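For reference, the chain that follows is the form predicted on its own, supplied as structure tokens.
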Amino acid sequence: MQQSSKILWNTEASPNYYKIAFPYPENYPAIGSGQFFMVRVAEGSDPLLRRALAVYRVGGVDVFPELKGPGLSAVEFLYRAVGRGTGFLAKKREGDSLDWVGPLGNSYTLPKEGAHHYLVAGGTGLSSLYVLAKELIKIFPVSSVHLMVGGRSQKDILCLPDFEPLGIQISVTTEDGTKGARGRVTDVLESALRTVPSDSAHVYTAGPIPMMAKVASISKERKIACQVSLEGPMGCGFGICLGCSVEIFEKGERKYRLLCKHGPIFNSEEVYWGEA
């Protein structure tokens, strides 16, 4: 779908991190975990290209108590204002119009069975894991789902109060020790995976490339299924501009696939991580 909607809120979640939302009626196409939207960040043609935003949360008053009136629902995105485009987006206010295209991309594949589900996030990678967590606890016991969040410091640990009502396990690490345990989130994952059978565990990760590459390496060593959510610059979001190619392994050969069309979710062993 392509549409223009009025912004419901665009609030700062932490320094330079924002949550933006607009109405998304229940009769619109269903949104799967890991999908994204392409949004126009400013009026006119400057910047020309839309920005890809991973869906963070979607739902009605059960998810967003701030929605005014029965029967309303919304979709929300978590992003970091780091460049010119997202800088424009951060200046948007409630009631401003936002032109969007979505939902786009594929979704995480839910396993048919599994006693341990580890969701590993760094920074705004957290944005692609909330819907996944909700999908998992509909199928598996809440106690089987463990969210592991890492960042450089406390300001990079985002939105935990949104996850806490789900009842899942949550572990926090920061490199400087300002929140949670001092260290890296991959250390927590590695420690947890040592205590569980490989055939009962599943790993899902989103965040910085070096972090995901390490998660993929740990999972491969333990022979545990791992899915990753990749990010990259996109021009269109649906496979026309060919600007978001990623290198993967297919039958032992390195090939290129489009992040928007074939992803953004990939099995970790498909991805060519390079020097990450």
Partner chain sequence: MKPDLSVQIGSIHLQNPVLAASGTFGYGEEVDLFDVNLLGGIVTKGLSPKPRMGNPPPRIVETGAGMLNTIGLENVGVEAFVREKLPRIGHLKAAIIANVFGGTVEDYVTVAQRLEGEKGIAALELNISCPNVHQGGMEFGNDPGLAAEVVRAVKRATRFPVIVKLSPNVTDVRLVAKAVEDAGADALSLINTIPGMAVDVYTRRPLLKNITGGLSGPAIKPIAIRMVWQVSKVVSIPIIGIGGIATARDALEFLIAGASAVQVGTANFYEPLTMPRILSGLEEFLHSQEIPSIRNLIGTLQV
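Numbering follows the first chain given and starts at 1. As the structure is a computational prediction, the values presented were derived from the model and not from experiment.
This next part talks about the form predicted in complex with its partner chain, which is not shown.
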{"item": "Non-hydrogen atom within 4.5 Å of its partner chain in the model of the complex for each of Ile7, Lys179 and Pro210", "value": "no"}
{"item": "4.5 Å heavy atom contact, Tyr28 and its partner chain in the model of the complex", "value": "no"}
{"item": "Partner proximity in the model of the complex: Pro65 to its partner chain, non-hydrogen atom cutoff 4.5 Å", "value": "no"}
{"item": "Non-hydrogen atom contact Gly239 with its partner chain in the model of the complex at 4.5 angstroms", "value": "yes"}
{"item": "Its partner chain contact in the model of the complex: Val196, any heavy atom under 4.5 Å", "value": "no"}
{"item": "Per-stretch contact check against its partner chain in the model of the complex, the hit in 212 to 220, 55 to 63, 29 to 37, 231 to 239 (non-hydrogen atom, 4.5 angstroms)", "value": "231 to 239"}
{"item": "Any residue of 47 to 75 that, in the model of the complex, places a heavy atom within 4.5 Å of its partner chain", "value": "Pro47, Leu48, Leu49, Arg50, Arg51"}
